[in-house]
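One chain follows as structure tokens, the form predicted on its own.
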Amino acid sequence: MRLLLAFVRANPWRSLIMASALLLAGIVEGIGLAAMLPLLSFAIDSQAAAPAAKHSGFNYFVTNALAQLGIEPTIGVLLVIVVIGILLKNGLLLFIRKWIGYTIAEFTTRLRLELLQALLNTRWEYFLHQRIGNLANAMATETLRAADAYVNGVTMISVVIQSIVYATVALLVSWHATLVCVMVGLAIGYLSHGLIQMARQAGKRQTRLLQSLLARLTDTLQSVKPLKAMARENLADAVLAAETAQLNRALRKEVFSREILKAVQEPLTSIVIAIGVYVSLVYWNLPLAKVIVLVLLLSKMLNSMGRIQNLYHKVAVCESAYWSLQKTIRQAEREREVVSGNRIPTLEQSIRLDRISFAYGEQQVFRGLSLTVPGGLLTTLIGPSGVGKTTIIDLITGLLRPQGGEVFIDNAALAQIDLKAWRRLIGYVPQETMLFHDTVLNNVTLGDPELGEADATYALRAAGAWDFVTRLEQGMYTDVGERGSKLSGGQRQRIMIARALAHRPRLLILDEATSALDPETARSICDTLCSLRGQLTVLAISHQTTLVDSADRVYRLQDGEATAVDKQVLADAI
């Protein structure tokens, strides 16, 4: 019930429209069913008995209501009422199903967009503790299962309304027979409670296992090349196979509980109907026409109650995915990145880190670190792994905030600057090559409508990639394969550099970006970077001699401090 209330709160107007249409459809169907009793009385009773039937019980109620409307309750009129009721009901149900379909599509889209926006607006530290496979599972599997819970929940509401209509008309025909059937239906529902609980537990287990399985699968596929190169793929296969087997067992429990539920419903319904017919004819001496209508109504009611149980079973299986998805969204929203500055950034003079202190938990990285990156020049950071070179870049880009000291951009504190506007002035090239399974052009422009072929050409030339791109079969329109697998390591890295240059940034950051390049290509890249002096500021992390030789300023990071060093002495040491 909590899940259905959540759906209603998320879509109040759509829910109201659907409920109103469902209620109207139920009323229309009830009118059609109500017309069946006098119709059958006319058809079954003898001509002598028919007038008496007209003035007895529910027959009299229906025929009198028609008479009040100026309608003669003949067989033809009653048949028309039944047919019109069926047509109107199905027309309304068609509208409802279409409306439900549109609502589900909108609901699923909104869930995905809500998750995506929450994730993209989080602080960088949030992603340091997340498994990408879990987030991908939330975006794909959990949104689909949540949509399944929604559609089954809405359908269940429609069936509940139908059941109420059947029960209402049946009460007017024979209240004692109807009460007995309602009690039997509720008893069947109570007895099936254990199966529903089994399904709910199986659904929760499926949610947990799908998260783990897809996270491991993502990790494995990202590392499949070294695994295969070392013939170690069997280790990953064993783990994935074990989790898949656990998922299979959870699915079996779901199927078992669902099929058991279905298996007991039909025979129990048949038994109840058979007993009801016998009692009605033998002990209550009800007219045959009334018994036929009762059988029709009560069988519909019991079948609807059975459908309610089946739909509730499906909701129970899928609801854990919805709550898991909501948990992920709430966690991401709590980690939302706070952007308070509104000053328009410029980069003409320098980037200055003033007495920066920073730690990852208990691990202290910097204590009072200070350095200056001159505007329009090339600055290189060197030092052993783990001394905080990448952390400096994250502080400059605003992905991390210092716990002491401040970062200044042209003497303006980064905390006062519009962070989004500042990041739009940055071109960033990570050490890892992250190319999409798309064309060279789209990998360079990232699909930005403001960037075209001219921008891509400029960026590819600046990155030293133009020559090899023009030799590709379709030039810039060549597909690079999954993660750029159709290109060499150096070619992939140059496409990444071109991506960073395409929007003509004011600051270009290279985090070991030339590490995969051969010396000649690295030298060519350095020549290109040197030619950009005065046009943009370049900050690079590298141990390569070419970047050290080309740099205007070099800092060595060690023991939480940055020391400017003599390039010639350093180059000789390298």
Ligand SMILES: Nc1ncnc2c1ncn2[C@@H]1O[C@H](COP(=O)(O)OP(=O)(O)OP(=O)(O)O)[C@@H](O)[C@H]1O
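All residue numbers refer to positions in the sequence shown, first residue = 1. Bear in mind the structure is a predicted one, so any value in this text is a computation, not a measurement.
The same protein also exists as the form predicted together with the ligand; that form is not shown, yet it is the one meant from here on.
The single contact residue among Ile196, Val429, Val387, Leu296, judged by any heavy atom lying within 4.5 Å of the ligand in the predicted complex, is Val387.
Checking Leu209, Leu399, Met476, Val365 against the ligand in the predicted complex, a heavy atom within 4.5 Å turns up for just one residue: Val365. Though the partner is left out of this view, Val282 does not reach within 4.5 Å of the ligand in the predicted complex, counting heavy atoms only. Within 4.5 Å of some heavy atom of the ligand in the predicted complex lies at least one heavy atom of Tyr360. Thr178 falls outside the set of residues with a heavy atom inside 4.5 Å of the ligand in the predicted complex. In the predicted complex, at least one heavy atom of Thr391 sits within 4.5 Å of a heavy atom of the ligand.
Look at 170-178, 329-337, 250-258, 379-387: in the predicted complex, residues with non-hydrogen atoms within 4.5 angstroms of the ligand sit in 379-387. Contacts between stretch 95-128 and the ligand, counted in the predicted complex as any heavy atom lying within 4.5 Å, involve Leu128 alone.
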